[in-house]
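Let's start with one chain on its own, the form predicted alone, as structure tokens.
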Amino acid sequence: MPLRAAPRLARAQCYISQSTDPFANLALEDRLLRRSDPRAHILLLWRNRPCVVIGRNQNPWKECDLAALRARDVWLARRTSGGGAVYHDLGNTNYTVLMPRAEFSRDRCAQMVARALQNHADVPAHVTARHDVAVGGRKVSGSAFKLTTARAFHHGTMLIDADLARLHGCLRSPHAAAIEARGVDSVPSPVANLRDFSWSIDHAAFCDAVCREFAAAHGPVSPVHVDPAAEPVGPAAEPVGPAAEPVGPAAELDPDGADALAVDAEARARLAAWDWRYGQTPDFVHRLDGGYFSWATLSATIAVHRGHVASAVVAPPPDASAPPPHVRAALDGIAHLLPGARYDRADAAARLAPLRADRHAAELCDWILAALD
């Protein structure tokens, strides 16, 4: 029997995710980066349920109001690329452009998105010196990047009709000034929705505009609707752009395979795990001042390593008199019990529970636990 030739990949590929699960979508993005043909240009368009996505080296305790996220059912996710914290909801469309590393530049994809808005949505967008897309002096899309040996991607968030009040509420940590961190801080910028500049723009119109501009740059595409937890569910549209020859043999990822874009539960679970979302945080120190009690004035210094308490020191000011024995016992108890706990309220509360029999120790515990929200 003659050998069958390997399938050939199109020069340009476009996928539109039907999932709104941020962990599945981030896992799909990573799968495309790792398993696609290194010569291919790929556009992925996706949306998430309400969530905050922080950069690989960011500190969620410094970037977010974690108590507000829990109260509003906003999930926290951490991506594998750098950059700042961003808020996602269904009024926000994300785009990822994957390419050979040799063709990567920080502005190329942002310029493509700006042209898509100019040419197909009548929105006068431009690219800023920080590689963001802006309209009328306000940012509508931020960017982040990831490079491997052979591949690179540029991804961004496009604010179309996002809940900006919720965005600001989630991205303002009440503890930011008290945290000394090695990670990357976000750079706040005035933001706007595309809906402020065009009543006709929506998720579908933005996807169409970017697909058209992507096709103009890289060749024809037939956008395919995919679910990261299942298999491709069919083409979304006719090919966009002029015909072109496919190039190169198929790599491990075959876009026509039934499981090509399926994300296994383990890949999603890794991105959803506490150890990734919180434990990936670079070392930091949280300094708590203003511990004013009727019986003492105290401050605390809590060092955190990989999301877990490394040390906790609670002490009065240097010029204060020595605390009475029962207060000293409470301070020593915190220093002994808190290290090793996850830096979250529930785990820390469980560690400190043995101290609550003493009134002074209970007040101290409540003060510390309030800073973990």
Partner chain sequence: MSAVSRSAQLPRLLARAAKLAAPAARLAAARAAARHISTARVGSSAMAGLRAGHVAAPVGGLARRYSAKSYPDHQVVGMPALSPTMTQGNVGQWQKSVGDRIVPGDVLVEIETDKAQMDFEFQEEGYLAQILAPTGTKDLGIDTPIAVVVEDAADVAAFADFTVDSAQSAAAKASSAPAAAAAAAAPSPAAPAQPAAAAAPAAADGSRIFASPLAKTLAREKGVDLAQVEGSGPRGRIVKADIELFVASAAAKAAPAAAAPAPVAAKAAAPAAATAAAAPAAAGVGFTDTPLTNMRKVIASRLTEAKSTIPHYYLQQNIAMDNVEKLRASLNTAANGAYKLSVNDFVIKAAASALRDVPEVNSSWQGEFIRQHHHADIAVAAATPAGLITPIVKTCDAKGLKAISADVRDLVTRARANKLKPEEFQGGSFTISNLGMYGITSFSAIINPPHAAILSVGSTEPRLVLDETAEKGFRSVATMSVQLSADHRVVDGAVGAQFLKAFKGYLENPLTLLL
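Being a predicted model, the structure only gives us computed values, none of them experimental. Numbering follows the first chain given and starts at 1.
Just so you know, the form predicted in complex with its partner chain exists too; it's not on screen, but the next bit is about it.
Engineer: Heavy atoms within 4.5 Å of its partner chain in the model of the complex: which of the stretches 202-210, 184-192, 217-225, 264-272 has them?
Structural biologist: Partner-contacting stretch among the options: 184-192.
Engineer: Give a yes or no on whether every one of 81, 146 and 282 sits within 4.5 angstroms of its partner chain in the model of the complex by heavy atom.
Structural biologist: Heavy-atom distance to its partner chain in the model of the complex: all three under 4.5 Å.
Engineer: Does the 4.5 Å heavy atom contact test between residue 175 and its partner chain in the model of the complex come out positive?
Structural biologist: Output for residue 175 is no: heavy atoms all beyond 4.5 Å of its partner chain.
Engineer: Heavy atoms within 4.5 Å of its partner chain in the model of the complex: does residue 115 have any?
Structural biologist: The answer is no: residue 115 has no heavy atom within 4.5 Å of its partner chain.
Engineer: Is residue 57 close enough to touch its partner chain in the model of the complex, meaning at least one heavy atom pair within 4.5 Å?
Structural biologist: Residue 57: yes, in contact with its partner chain in the model of the complex.
Engineer: Since only the chain is shown here, I'm wondering whether residue 286 would be in contact with its partner chain in the model of the complex (any heavy atom pair within 4.5 Å).
Structural biologist: No, residue 286 is distant from the partner.
Engineer: Of 39, 306, 31, 345, which residue is found within 4.5 angstroms of its partner chain in the model of the complex when only non-hydrogen atoms are counted?
Structural biologist: Of the listed residues, the single hit is 306.
Engineer: Which pick from 108, 130, 168, 126 sits with a heavy atom within 4.5 Å of its partner chain in the model of the complex?
Structural biologist: Among 108, 130, 168, 126, a heavy atom within 4.5 Å of its partner chain in the model of the complex occurs only for 130.
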